[in-house]
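One chain comes next, on its own, written out as structure tokens in the form predicted on its own.
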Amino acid sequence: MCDQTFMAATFGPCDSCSKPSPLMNIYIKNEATNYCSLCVEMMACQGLQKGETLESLKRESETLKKKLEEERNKLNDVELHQVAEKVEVLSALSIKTRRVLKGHGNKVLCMDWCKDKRRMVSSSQDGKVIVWDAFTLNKEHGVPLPCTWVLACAYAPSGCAIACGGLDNKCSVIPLSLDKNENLAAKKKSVAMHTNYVSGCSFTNSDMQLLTSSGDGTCALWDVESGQLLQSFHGHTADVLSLDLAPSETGNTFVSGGCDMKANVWDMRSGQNIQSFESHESDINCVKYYPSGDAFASASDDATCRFYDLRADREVAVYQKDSIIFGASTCDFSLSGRLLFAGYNDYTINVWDVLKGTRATILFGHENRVSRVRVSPDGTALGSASWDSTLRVWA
């Protein structure tokens, strides 16, 4: 995900044996407990039946996984590109850089559009969050934060607030005002608190709830007003790097992807993991719902993007070329869903034909890896953020 490595280790008394030692944060029935490695191993062995070992249970789980995959494959009738054979080929795309937004002093790590289709928010390794007018290139607000590596930012549905979080393990909400000279940093309110860095954040369909993903391997739903944890989501076995909310107004599901190479679909009401996909061969850096909400795409360090149909419960397309050897860091769909924009670590944005599985065009312009691409709410423009310290608007 980044070119620097961070390690968070908690040291303290073990909840089981009380000895001071490096602790593992594990969850039992959604209750967080801190056990040392010896107590974790003892706990794992306690429930074993006669003749069972951890190794035999691992082998059994692998066998069950293979059986599930075989059952899934029996339902595979046809590939997406075969269904799309009669669909007309896309005409030549002419997408160019229309605006370059300069103002950050370091890598831009995230960006998001406001629902008014004009304003953008971006966060950077320089510790700043900037609100831009994408038409005039004016900076409307600049908010310094107490930590660098602000990994996540998001606009509230009303356009009256932004959320941001990063290496300080917190996600904060900042109300915006019409007074450009007002000190917004003083109005910042800490809403979410994880035990490791915050990698992603998104408001639900209102300004009152915030969804976050974290390096502690969990996602969480928070009440913005009180800062209360409403629901936590445990299922990933490594850092969660990305999340995306289902697009419908009444959407109660979201998808997350992470370093365990899994993409999980969650029910926000129950906290349950309702679908899981494991076909990538490296970290999943980004997940994004298809506009209809029936499918989603993922971008990974294995240099591929993949397309999953939730109704078919399987992967239906892989977007890759032998010439692409760098990881895909981000992706987003066009408004119609026909195009998939994917940003790569070789500084390019590849545009894929979702139905046919072919590359429609390549966008050049950034001078370092592309960290985020987002299509504007009306579908007329594409915003991109990069480690070259700039943002671009393409149309």
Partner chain sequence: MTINTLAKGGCHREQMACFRKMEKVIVAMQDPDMGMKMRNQRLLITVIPHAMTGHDIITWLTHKYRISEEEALHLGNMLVKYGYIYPLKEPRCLVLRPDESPYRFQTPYFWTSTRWPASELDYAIYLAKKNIRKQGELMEYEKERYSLLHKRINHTWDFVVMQAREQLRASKQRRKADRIVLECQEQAYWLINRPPPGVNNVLDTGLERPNNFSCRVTLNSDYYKREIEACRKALGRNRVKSSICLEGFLKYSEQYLNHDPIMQGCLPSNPWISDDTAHWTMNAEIVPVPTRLRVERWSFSFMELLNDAMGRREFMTYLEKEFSAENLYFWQACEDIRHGENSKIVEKVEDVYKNFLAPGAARWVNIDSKTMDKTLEGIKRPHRFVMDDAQMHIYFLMKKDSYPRYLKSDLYKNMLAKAIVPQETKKSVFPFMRRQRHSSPSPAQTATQAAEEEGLAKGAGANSAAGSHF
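Numbering follows the first chain given and starts at 1. Quick caveat, the model's predicted, so the values are computed rather than measured. In this text, the rigid core denotes the largest set of C-alpha atoms whose superposition between the two forms falls within 1.5 Å.
Not on display, but discussed next: the form predicted in complex with its partner chain.
For the chain shown alone, G215 is a contact residue for its partner chain in the predicted complex, at least one non-hydrogen atom being within 4.5 angstroms.
By the criterion of a heavy atom within 4.5 Å, K102 is excluded from the residues contacting its partner chain in the predicted complex. In the predicted complex, its partner chain lies farther than 4.5 Å from every heavy atom of N183.
Looking at N169, you'd find a heavy atom of it within 4.5 angstroms of its partner chain in the predicted complex.
A single residue from the set I130, C259, I174, V191 has any heavy atom within 4.5 angstroms of its partner chain in the predicted complex; that residue is C259.
Shown here without its partner chain, the chain has L68, E71, R72, L75, N76, D77, V78, E79, L80, V83, A84, K86, V87, L90, L93, I95, R98, R99 in 68 to 100 lying with a heavy atom within 4.5 Å of that partner in the predicted complex. Once the rigid core is overlaid between the shown form and the other one, L38 counts among the residues whose Cα shifts by 2 Å or more. The rigid-core alignment places the CA of S18 2 Å or more apart between the shown form and the other one.
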